[in-house]
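Heads up, the chain below is alone and in the form predicted alone; it's given as structure tokens.
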Amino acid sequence: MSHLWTIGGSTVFLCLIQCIVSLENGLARTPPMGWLAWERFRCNTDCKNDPENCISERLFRTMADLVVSEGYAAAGYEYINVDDCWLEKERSPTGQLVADRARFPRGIKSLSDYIHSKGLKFGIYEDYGNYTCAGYPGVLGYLQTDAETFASWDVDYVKLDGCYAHPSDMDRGYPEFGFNLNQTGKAMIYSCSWPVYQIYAGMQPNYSSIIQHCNLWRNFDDIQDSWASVESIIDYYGNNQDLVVPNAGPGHWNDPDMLIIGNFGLSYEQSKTQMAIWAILAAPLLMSVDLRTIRPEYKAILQNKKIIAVDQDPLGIQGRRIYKHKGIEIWSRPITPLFQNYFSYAIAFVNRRTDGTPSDVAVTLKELGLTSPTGYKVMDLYEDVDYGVLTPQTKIKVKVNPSGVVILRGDVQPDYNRRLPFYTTQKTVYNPLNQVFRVRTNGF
């Protein structure tokens, strides 16, 4: 079905949202991981006075080198993403986007080629509006042209912001740009800011459509370099989990924004908390930090492969806050391996108190929802403590530092010798998108 518009005396046929095919790029089966410039380097365009930190090809080449040489790529971080402020203020005479000629003298294709030569992938930023948030040209009026330009530059990941656009137009516009990306034949992750701008405008986002057309999307505020900002994001996802959790899954993710670990605003304990909760949330892990100066203890958090494995769990089920009382929170995420109708779990105990002393939390596995009679092999993912195989009746006690976290992994144990006759007749069908898990919190 199409509608007829008349613009300036000429007739234009535009396809309605219903006829725009859904995103079928096969990408982001687990949450994307990489490095992103924005939170740490913002819109610093002063390469004359600050050449080491301005938004330039030099910065992105340097960070690509460090992602490889410092072990981040080996841990799973693969995207190097440019954000706002990479453009000239005007398009070319033929309507193409042009990178700032002084700061990107070799052009974006050269930068993309360099990043690919390192075995990494390249991401870029634009905006569904007349301008980007920083006032550079947006894609409005040039959707096909810009999609084809990105494909010609061998872009792997496109973030589309929503400044200088009408939120009511986004239900059509974001799918339309995604359609143009698909039409290029080049598979590109599509990161949308679609729902957050509609939420700010008092609209209820159509998540069914967002899931169809975007690989990831923003729901809430931009992260800032502070613990208060991280806490506000944690609260948003806990308080709105019934709405947002069912939308996450392989190929489409809620995005709570960048990892700010290693910058200025978070303590060591708070940094551990952000990494753990982002893993529970099945969040994209996009570092925004100066990799040239990061301290070893923060680097170790970002490269914690056991917590990364939770984030990258192939089931793609986003976790939930299952307990909240007097500053203590417990978050739970079902993960692999499965044994028949029992999940394994990652469990994060978070201490939001500020009274200066660690808090003890004692709870049985059963109260956490870990009920398999075959038991669970339990490990502490930061301290590398192996608790062995515990039964559902086992009470565990953890000591959680103020604004800190303890994150455990409980892998369900098969017990074929005792349970084989029963389980050979059992089949479990589950849908990660519809999976609901709840535990009783009485008695914590």
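Note that the coordinates shown come from a computational prediction; the quantities given were computed from them, not determined experimentally. Start at 1 and count along the sequence shown; that's the residue number.
The same protein has a further form, the form predicted in complex with alpha-D-galactopyranose, not shown here; the description that follows concerns it.
Exercise for the section: Give a yes or no on whether each residue among W278, R352 and I407 has a heavy atom within 4.5 Å of alpha-D-galactopyranose in the predicted bound form. Expected result: No: none of W278, R352 and I407 comes within 4.5 Å of alpha-D-galactopyranose in the predicted bound form.
Handout entry: The unique member of D222, E148, D235, D154 whose heavy atoms fall within 4.5 Å of alpha-D-galactopyranose in the predicted bound form
Key = Flagged contact: D222.
Handout entry: in the predicted bound form, the one of Y125, F104, Y298, Y72 near alpha-D-galactopyranose [non-hydrogen atom within 4.5 angstroms]
Key = Partner contact (heavy atom, 4.5 Å) among the options: Y125.
Handout entry: Heavy atom contact within 4.5 Å of alpha-D-galactopyranose in the predicted bound form, the stretch among 337-345, 73-81, 128-136, 203-211
Key = Heavy atoms within 4.5 Å of alpha-D-galactopyranose in the predicted bound form occur in 128-136.
Problem - is_contact(Y197, alpha-D-galactopyranose) in the predicted bound form, heavy atom dist at most 4.5 Å - result: It does: once alpha-D-galactopyranose is placed as it appears in the predicted bound form, Y197 has a heavy atom within 4.5 Å of it.
Handout entry: Contact label in the predicted bound form: R321 to alpha-D-galactopyranose, heavy atom within 4.5 Å
Key = Output for R321 is no: heavy atoms all beyond 4.5 Å of alpha-D-galactopyranose.
Practice task
Using the partner position in the predicted bound form, report whether F41 sits within 4.5 Å of alpha-D-galactopyranose, counting heavy atoms only.
Solution key: F41 lies outside the contact set for alpha-D-galactopyranose.
Exercise for the section: Please run the contact check for H252 against alpha-D-galactopyranose in the predicted bound form: heavy atoms, 4.5 angstroms, yes or no? Expected result: No, H252 is distant from the partner.
Handout entry: alpha-D-galactopyranose in the predicted bound form - contacting residues of 158-181, heavy atom within 4.5 Å
Key = Result: K159, D161.
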